[in-house]
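Structure 1 and structure 2 below are the same protein chain in two forms, each given by itself as structure tokens.
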Structure 1
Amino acid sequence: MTAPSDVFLPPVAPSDVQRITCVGAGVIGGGWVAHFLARGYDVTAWDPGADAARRLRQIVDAAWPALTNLGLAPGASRDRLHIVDDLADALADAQFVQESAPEDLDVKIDLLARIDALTPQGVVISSSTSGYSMSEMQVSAANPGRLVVGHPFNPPYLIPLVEVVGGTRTHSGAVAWASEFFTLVGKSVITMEREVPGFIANRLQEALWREALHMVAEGEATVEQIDTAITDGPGLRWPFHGPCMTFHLAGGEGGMAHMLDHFGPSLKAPWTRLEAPELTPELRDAMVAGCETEADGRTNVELIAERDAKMIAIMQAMQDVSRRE
């Protein structure tokens, strides 16, 4: 990522932002809307899809009980959501923009250029892309220096992680501004020094996902066994320690050094496959059937409510532990 020599001058400091525009209001965009509303901002949303307004309000309403349980910021209200039909109207007085359009490169390139043309000078524009680099997406923008990636995890209104990185034409000041802003709105921010396809968390998640597909394809494990292996195994440690600290602790008094010296040769063992399997109709059907079996008749709405409640319990428990330390 390069930093242009000119000074980056946003119109407001991250702490002074009051009005946010969300472009795209599907699952990710709607989750962002709910999060920003819960943090006490005025949010304007635009989405060209049919029945977008109703679907967005449904997303926000579904998220609100969880957000209320987690704790709303002073002034937080669903009444501060404004849904407009015209993109120019949505961006006219924006102080920060979060784009969450479908993951299509041509769509992203065109939309980010339009957003850039309509957004007040200097306002940072962030993309929720889950895989494209900003260097790829900013090619048609007249002011690419203010375009950054702000990659969230679903649901954005609960999972705190946001990965921030600029493109080759992004100003370093825009990256710093976005990182500070996301921190202020309650996110756990990773500011990446360089672009990596898929960013950090998605690459780690993808490796696990590909190995799961391999095991189902080879008949080595069922969908339910794979999920249980994580939820009742290493996943219980992950809210507190990531894989690196987990292995550090596995090394005992010698820490990571002992773990690597002792277990390093096992890295050559055939414990994983890093090439994606062929997604055959049979594998696709096996994955679908396995998830239906694991859902055991519960609808997606019921599963989401159950997931949110459990995540809140974990997050509240972690907060309680931190207060006692």
Structure 2
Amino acid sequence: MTAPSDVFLPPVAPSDVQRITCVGAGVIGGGWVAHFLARGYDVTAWDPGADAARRLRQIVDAAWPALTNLGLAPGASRDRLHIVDDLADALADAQFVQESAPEDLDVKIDLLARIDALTPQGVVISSSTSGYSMSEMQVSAANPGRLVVGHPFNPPYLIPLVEVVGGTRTHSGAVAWASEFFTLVGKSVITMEREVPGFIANRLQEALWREALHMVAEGEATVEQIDTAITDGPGLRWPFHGPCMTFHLAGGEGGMAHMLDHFGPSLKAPWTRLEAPELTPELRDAMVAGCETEADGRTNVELIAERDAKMIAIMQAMQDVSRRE
């Protein structure tokens, strides 16, 4: 990242944004369009694909009942979507740009350079990429300092998570601006300090997925058994307790410290094909401190009561949905 002395000067504060441009309007880009419309923005969309306008309106219409159910922002309307044929027209007045082109590095490099050339100075440009680092993608842009990754999860209008990270030539001010903006539009933002292949959530998900593929390949489990193992087991906790808090509770009154001190040896067990790191004192202390921060003063008994209440609510909510169908 550039030095702090190199000041980043955005033309508009995150809270003053009114107009957003979405470049690429397939499943991910279209999901972004739906989300920004529901949050009450004017959204301009551009997509070079055949029949793109009709497909985009279909995505937005399909998402709208869910978004209405979740609660629209004042003034939110599908009428505030403007689909244009010319990229320059799409970007001329943009106050924030979200790029969601196909995952092809050459396409991304070229498109981000074109977007950069057509967008008002200082406006932050964010890429939905799941596969590339911004350092790889920003090489042809004249103003790489304002280019960030804002990686959503599908569907972007429902899943809160957005991972924000810059490339080596991104200004730290642009990363901070994007993180603040995504938070304002209702996202759960993780601002990463440095680029990691796959970012964070996909790395975790991918480890689980690869172990699943190994198990099917070796005849250790079927596809259905793997999915049942998650949906009817640990998956019921994951919407409210991540892997660390899950094990913090598994440690009883002693929490994560007890878990690591007493069950650390199980990291040597052949319970997955992924080798564990060495459990150094530093790693142990980092895990314990992180869980204590997350617990935020709640006792083990309080955390368990909350876990049970949320798990029951989830199971009952899913039964209700199934009954309605």
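Please note that residue numbering is based on structure 1, beginning with 1 at the start of its sequence. Basically, rigid core = biggest C-alpha set you can superpose within 1.5 Å across the two forms. Note that the structure is predicted; figures quoted are calculated from it, not measured.
Of the two forms shown, structure 1 is the one predicted alone, while structure 2 is not. A movement of the C-alpha atom of Glu302 reaching 2 angstroms or beyond is seen between structures 1 and 2 when the two forms are aligned on their rigid core. In the core-superposed comparison between structures 1 and 2, Ile312 has its Cα shifted by at least 2 Å.
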